[in-house]
Structures are given as structure tokens and as C-alpha cells.
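As C-alpha cells, the next two blocks hold two forms of the same chain, structure 1 and structure 2.
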Structure 1
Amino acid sequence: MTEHRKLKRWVDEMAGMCRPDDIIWVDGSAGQKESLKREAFETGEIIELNQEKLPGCVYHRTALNDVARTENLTFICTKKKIDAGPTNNWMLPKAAYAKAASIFKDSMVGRKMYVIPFSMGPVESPFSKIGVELTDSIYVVLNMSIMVKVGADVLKALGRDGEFTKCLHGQAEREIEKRLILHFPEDNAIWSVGSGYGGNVLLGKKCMGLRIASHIAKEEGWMAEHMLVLGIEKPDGIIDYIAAAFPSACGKTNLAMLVPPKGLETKGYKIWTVGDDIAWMRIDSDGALWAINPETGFFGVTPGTNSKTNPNAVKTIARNTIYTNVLLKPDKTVWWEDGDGDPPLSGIDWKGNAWQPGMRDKEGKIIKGAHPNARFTAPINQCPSISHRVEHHHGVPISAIIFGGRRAHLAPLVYEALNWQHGVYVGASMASERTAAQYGKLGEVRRDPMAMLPFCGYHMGNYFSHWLKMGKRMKKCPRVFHVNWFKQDKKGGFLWPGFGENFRVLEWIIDRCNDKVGAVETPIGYLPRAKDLNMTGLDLPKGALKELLKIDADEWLDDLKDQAEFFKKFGRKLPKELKNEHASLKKRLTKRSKKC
């Protein structure tokens, strides 16, 4: 299969430890994919869905204890602890390899090992990186085949001695006590054992695409970010591209595929989807920042996805899609909460139990049909709004970077940073309420710089410096914004309708980039005045817009205390520029405070 001696030796070595019955090289062909599917149908690992209604679609349930990324079991393993920084779990590489090896040992006896050569980014583009994942799960092979380019072309591009990220995955017993997601940036390697869920096991995604890539990007002078990328085509036909970083389950996939509201669509606006989760960005010869999406598929949250909230996603997932942890209907189609259509009268829930709407558990809580972090895996080229530049090896030029999170209070609908340095501060100090995409207490506000807290593969203080340095190297920096679709009224309802209506905010952002619309300067940055937002065709309840654009200086000053506490973690590695930005913001807010 390959002339790459190092690759062959590594596969042999890993097989020697895991002892699979057989080793199968994934060639990327339709025939092999089909026969793998058949094999998985037979063992029950995957269920074939109704091929008339959902052609090419399959269904999978992960273990009950294995339904989201496990950040507490995720480690950056570097020789020196300081290199992993205060926000990552750390282990010495030697100890980490030994601990994982004891779990991997003989774990593939009776199973097969699949070798998946994959490229993140167009094959043979100078911006792409190659990885090889070894796994004992057909589910992983099928997912990876959608999420990234896999197979013989990649091996060819790798040649006899090309560099690749060594990615080893084994399900082992899928017990939490024996689960480890280990990254070795110094060895360009990833070991993941004991899980069968998404971000823990599709090693191209968060593990290589962000944690390992962010480390390489720092060394090589580019950026690997947890960002969607989209193009906004204006009525004059010119397309501006933006990249947006929101934490997990905070709206990236939805924004990436947005359909402008009717009134604005007829003006001629269109959205083009480049990516929904990861952006690799470089400064090109024109001095601007350009982004590629290194993935070829979406691994998106299903609950909440319906024809109103995200019609493009609904069309994308109608075929050739893997559904994970949703409700299985008797006719072998699927359903999830806040999806299309009424709940079925019966079905099998994500736990594999018989389910009926309205069922309650022992504590009286409604039993959901789909897990809140249930997901679809679908090819990006099925998305009706796919950008024609998605395969372009230079990607797209970025005019604006948007940060955002779930904040029930405090953060206004949108504001613009004063400049790049202030923008880096806005990203570094952002926070969001915890969602079902990771284990932990739901709703708790946590600081999540640039939405990269769980994904930065090195010391985050150095990561902030890298952002500042990139800004200095650019001839024209993208403008930086912050959005919050999730501000709540007193009753806990969302003040902003979100989804397609978010386009109104994007229009202001793009017009700001082109100096076409006004704003008011506030202590936190530039905010639109009510008249600067295009509200044609949207009737918000009285007072809602005022509340959405309100800045309460005292509330902000309170939040600054928490920011300062968080920044303390970075010690001397916190760039002085960010300390200065923090101090200036405090000064500006204090001037406004009612308490002074």
C-alpha cells in the first residue's frame, strides 16, 4: 500500500501493541466503504436507515457514558509542564504513553485495525497537513471518510518520506476509567483510547485540526482556530468573508449556513458556506489574512435543527449522513427534539430504550428522544449554500473576525473592537455558558478565550502573543467584533430571535468593514445605534432592541474582576498589551459607572 518506511514501521509497532486480527488500509473507494458498512450492519455497530426516505444514511448509538468530549481526560503531553500552560491538563509524555499503552495492549484482539491516511485541506495544497489514523472502529472510518479527504491519493501525496501526524485510536472497553485523549505536540502524535464519541475519536477534528495544528501554526507563523468561515455576497455581487469563533454548541454551524430573512434576501444578499468549525488562516502575499476549512464535512448538533432554524442543514442531511444518538423511529427514519414534524408516537431513544413522547424518569424529568449533543455527519458538498471557493487551496480573504458566546446577561447583541490589539483582548476575555457539547455543569459561565480553551495545544499566554504578532505582520488586519445571540429578558426568554435574523447583525458588520454604516463609541467598543441596524420585516417586542444594545458599566466592572482572576493564571506569560487593554477598559467603564 505504501513505500513510506516510517509509516509502515509505525503501523507495525502500533499493531504489535494492540494485536488486531487484521490490518486494513482505507483506500477511499466507494466499494470498500460499502463493504465496511455491510460489515458494521451485521455486527450491529451501525444500523441501516430507511433507504427510500434517507438514501445513504446510517444510524449509530455511542455508549451511555460516551456522548460528548471529555475535557477532563484530555491531555497535552510535553516534556515541560509550562509548555502545556495553565489551561490544559498535562502529563509527561513518557508517563502518558505508558499509561495509555497498558490500556491499548491487546485491546484489538478479535478486532480489525483500519489505517486511514487523511489530508486536512486540499490534497497536495501547500496549506494542507496529512495525518494517518489507526482505529478499530468502522464508525470512525465512515465518519472520517466524510469529514476529511481519505485514501490512496493522500498516501500518494505523502510519498516515501512525507511528514504526517500519527493518530492512534482504540475503543478498548469504552470505560471512563480507561479513557485518555493524549496529544504529543513534540512527537506530532495523538493517542486516544477508551472512547467512541466524535471529537474524542475523529482525530482529524479537534485533536489534530486544532490542538496539534495550533502548536504547528505557532511554530510556522499561521493560525488554527475554532471558527466557521462564510462569505456574504452583497447586492453588488462582491463577497466579503468572515470567520467566527463561538464555543461548542453556540451557533457556528447555524451561522455558517444562514439564510437571510426574506426582506433582505430580495435585496440580493446571499450567504456562502466555507466551513462550520475549523479555520486554518495564513497571511498571504497581499498581506491579508486568508482562511481554508481543512474539513470536508459537518459534525453538527442535531437537536434544534429544523427547516425554520437551518433549512440548509436540513437539506444537507437528507442523504449520505451518519446520525449519532438521535431517536430511531419504527420506519427506520430519525427524529430529535426541536426538529421538523411532531414527535413520533413511539421509537427507540438514544439510550436504546423504547420511548414515547411525554415519558418521565424517576425524578419526574422528561426523557428526551435524542441526546442534547446528538450529531449528524454530512458531506459539505451537499450543502446548498456551499462556497465555490471551498476547494481553493488559498482559501478566502477574511474581512472580519467575530467572537461570541452564550451570555444571558452583560454582552450586547454586537460590538466592534477599537482595533486589532483591543480585538485580541476581546477574544482573550470572552466567556460563555457551558453546553452539552462537553461534560460539566450546564449553564455555568466559563472564560473561553477565542473559543479555544479546550483546543489550544500549548501555553495560552503564548497563544495570545501569537495573535498579537500576527496582527503586526498583517498589512490590513480584519476588523474584530463580538456578538451575543443569547441575551435573555427577565423571564429567561431570548431577546433576539437569532438564526436567519442574525443576518441583520452580519450586514452591520460588513458595512462597518466597508465604512458604510455608523456606530457609537462606548467604553467597550463601537456599538450600532438602533437606526444602524436594518430591521425591515422584524418586529421585536417593545424595548427589546434597547436592552440588546445596552451597556451597564457596573455590570461590566463586576465581570472585569472575573476576567482579571482568569488572566492571573497566565502569570508573566500574559502579554502586557492585554494587561494594558484591561486597565484601559476599566478606566473607561469607571468613568461611566453610576457608583462613582
Structure 2
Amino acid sequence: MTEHRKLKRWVDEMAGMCRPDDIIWVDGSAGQKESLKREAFETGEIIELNQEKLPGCVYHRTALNDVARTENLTFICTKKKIDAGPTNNWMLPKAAYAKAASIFKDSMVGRKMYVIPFSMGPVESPFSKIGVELTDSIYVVLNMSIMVKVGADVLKALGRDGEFTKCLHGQAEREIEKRLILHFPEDNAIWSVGSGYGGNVLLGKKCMGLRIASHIAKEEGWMAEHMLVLGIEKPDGIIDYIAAAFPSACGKTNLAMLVPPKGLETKGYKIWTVGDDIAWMRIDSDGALWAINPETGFFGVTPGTNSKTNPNAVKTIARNTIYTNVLLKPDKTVWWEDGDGDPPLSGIDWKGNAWQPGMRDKEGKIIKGAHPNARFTAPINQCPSISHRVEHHHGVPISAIIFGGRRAHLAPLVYEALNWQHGVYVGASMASERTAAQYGKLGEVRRDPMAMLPFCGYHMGNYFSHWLKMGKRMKKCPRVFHVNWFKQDKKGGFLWPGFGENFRVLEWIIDRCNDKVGAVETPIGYLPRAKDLNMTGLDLPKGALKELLKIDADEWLDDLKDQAEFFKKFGRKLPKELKNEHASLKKRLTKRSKKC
């Protein structure tokens, strides 16, 4: 399959440790993929779904103790602890390799090892990077074949001596006590053992796509970010592109596939989806920031996905999709909570048990048919709103970067940062409040800088500095904004309808980037005037828009105290520019508060 000596030697070494019965090189062909699916059907690793209603779709269940990313078992392994930073779990590389090797040893006896050459980004693009994942799971092979470019073309691009990220995965016994997700930035390597869940085992995704890539990006002068990328086509046919970062439960995938409201869609506006999760961004020859989506698929959450929240996603996952941990219906189709249609009268739940609506456990809690983190894996080219530039070697030019969070009262619907440095501060201090569905105290503020807290592969103080340096290198920086779709009234109801209506905010953002609309300068940044937001076809309750754009200086001053406590953990590595922005904002808010 390859003349790459370093690659062949590494595969042999890992096989010597894991001792698989056979080694299969994944060539990316349709024939091999179909053969692997048939083999997995026979073993029960995956289940074939109703091919008339869900053509090309399959079903998979993970182990009951293996349903999400295990952040407490995820480590950055560097020679110096400070290089991993205070927001990552750390382990010495020597100790990490030894601990994982004791679990990997003989773990593939009776199994096959699959060698998956893959490219993050278009093959041979200057933006792209190559990895090779070794795994003993056909489920992983099939998912990776959707999520990234795999096979012979990648090996050809790698050549005889090209650099690649060494990714080793083994299911072992899938015991929580023997589970580790290890990242070795200094070795350009990832080891994952004891898990079968996508976020832990699709090593091109968060592991390489963000943790390892963010480290490489800092060294090489680019950015690997947890961001969606979408294009907004205006009635004149010109397309502007934005990148946006949101913590979990803030609608990132929904925004990436947004459908404009009818009141604006009829004017000729369109949304083009470039990606929903990861953006790799470089300063191109024009001095502007350009982005690619290094993935070729979606790995999204099913519960809550329906024809209202995300009609394009519903259409995307109707075929050639891998469903994980959803409810299996008697007719071999699938269902999940808060999806389309009424629940079936019966089915098999995500645990493999017989299920009926209304069933309760011993504690009286409703038994759900699908796990709250149930997933779909679907090809991006099936998305109705897919951008024609999704495979372009240089990606798309970014006009705006948007940060967002779930704040019930503090943050207005939208505001623009004063400049790039202030925008970095906005991203570094971004936060969300816990909902009833999330573990922890209801309403508790969780800081998640740039939505990268679980994914930054090095010290986050240095990460902030890297953002600031990138801004100094650009001839024209993207404008930076913050949005909050979740502001509430005094009764706890949402003031903004969200979903497709969010396009109205995006329209203002793009008009700001093109200097076509004004704004009001406030202590926190530039806010739209009520007349600047296109409300055609939307009838908000009286006073709602005023409340959405309201700033309470005293509430913001209280939030600054929490920000300051959070920033303390970065110590001397917190850039002085962010300290200055914090002090300046406090001064502006104090002045505003005294006026009130």
C-alpha cells in the first residue's frame, strides 16, 4: 500500500504490541467499505436499517459506560506540565505511553487492525494535514470514511517521507478503569484505548482536528478553532463568510445549516454551509484570514434535531448515515426525543431493552428511548445548503468571527467588539449558564474561552497570545461579534424566537462588516439600533427588542469579578492586553453605572 518506511515501521511496532490477527489497509473504495459493512452486520457491531426508508443507513450501540467524551480521562502529555496549562489534564509522555501500552498489549488478539490513512482538509491543500489511524473497530472505519478523506489518494499525497499524525485506537475491554485518551503534541501522536464512542475514537475529530492541530497551528502560525463556517449570499449574489464559536447546547450545528425566515428568504438571501464544528484558518497572500472545514461529514446530536430546529439536518441524515444510541423502531427505522413525529408504540431503546412511551425506572424517572447524546454521522455533501467552496484548497475568506453563549440576562442579543484586541478579550471571557439538562448547579456560569476549553492542546494563556499575534499579522482583521439567542424575560420566557430568525442578526453583522449600517457605541461594544435590525415578517411582543438590546452596567460589573477569578488561573501567561481590556471595560461600566 505504501513505500513510506516510517509509516510501515510504526504500523509494525503497534501491531507487535496489540497483536491483531490481521492488518487491513483502508483504500477508500466503495467495494471495501461495503465488504466491511457486511462483516460488521454479521458480528452485530452495526445493524442494517430499513433500506427502503433509510437507504444506506446503519445503527450502532455503544457500551453503557461509553456514551460521551471522557474529559477526566483525556490528557495532554508534554515533558513540562506548564506547557499543557491549567485547563488540561497532564501526564508525562513516558508514563502515559507505559500506562496505555499495558492496556494495549495483546488487546487485538482475535481481532483485525485497520490502517486508515486520512487527510484533514482537501488532499494536497496547503491548509491540510495527514493522519493515520490504527483501530480494531469497523464502526470507527465507517465513521472516519464519512468524516474525512481516507484511502489511497491520501497515501499518494503522503509520499515516501511525508509527515503524519500517528493515531492509535483500540477498544480493549471498554472498561472505564482502562480508558485513556492521550495526546502527545511533541510527538505528533494520539493514543486512545478503552472506548468506542465517536468523540474519543474518531481521532481525526477533536483529538487531531483541535488538540493536536491547535499546537501545530501555534508553531506554524495559523489557527485551529472549534467553529462553524457559513456563507451568507445577499440578493446581489455576493457571499460573505463568517466563523462562529459556541459552547455546547447553544445551537452551533443549527446555525451552520440555518434556513433564512420567509420574510427575508423571498428577498434572495441564502445560507451556504461550509462546516459545523471545526475551522482551520490561515492568513493568505492577500493578508486576510481564510478558513477551511477539515472534515467531510457531520457528527451531530440527534435529540432536539427536527424539521423546525434544523430542517437541513433532517434532510441530510435521511440516507447514508450512521445512527448511534437512538431508539430502534420495529420497522428498522429510528426515533429520538424532540425529533419529528410521535413516539412509536414500541421499540428497542439505546441500551438494547424493550421500550414503550411513558416507561419509568425504579426512581420514577422517564426512560428515554434515545440517549441524550445520541449521534448521527452523515456526509456533508448530502446537506441541501452545502457550499460549492467546501472543497476549495484555499477555503473561504472570513469577514466576521462570532462568539456566543447562553445568558439569561447579562448579554444583549448582539454586539460588536471595538477592535481585534477587544474581540480576543470577548472570546476569552465568553461563558454560558448551565441548563436543567446539564450536570451542575442551574444557572451556574461556565467560562469557555472561544469554546476551546476542552480542546486547546497547550497552555491557554499562550493560546490567547497567539490570537493577538495573528491579529497583528493580518492586513484586515475579521470583525468580532458576540450573540446571545437565550435572553429571558422576567417570567423565564425567551425574548428571541431563535432558529431561522437568527438570520436577522447575521444580516446586521454582515452589513456592519461592509460598512452599510450604523451602531450605537456602548461600554461593552457597538450595539444595533432597533431600526437597524430587519424585522420583516416578525412580530415580537411589545418591549421585547428593547429588552434584548439592554445593558445593565451593574450586572456587567458583577460579571467582571467572575471573569477576573477565571483569568487568575492563567497566571503570568495571561497577556497584558487582556488585563488592559478588562480594566478598560470596568472603567467604562463604572462610568455608565454612576450615570444611572
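The structure presented is a predicted model; accordingly, all values stated were derived computationally and were not measured. Structure 1's sequence is the ruler for residue numbers, which start at 1. Superpose the two forms; the largest set of C-alphas matching within 1.5 Å is the rigid core.
> Pick one: which structure is the form predicted on its own?
If we ask which form is the one predicted on its own, the answer is structure 2.
> For E45, does the CA position differ by 2 Å or more between structure 1 and structure 2 when the superposition is done on the rigid core?
E45: C-alpha displaced by less than 2 Å between structure 1 and structure 2.
> So, superposing on the core, is the move of H226 at the CA at least 2 angstroms between structure 1 and structure 2?
H226 C-alpha, core-superposed: shift of less than 2 Å.
> Would H409 count as moving between structure 1 and structure 2, using a Cα shift of 2 angstroms or more after superposing the core as the test?
After core superposition, the C-alpha of H409 moves 2 Å or more between structure 1 and structure 2.
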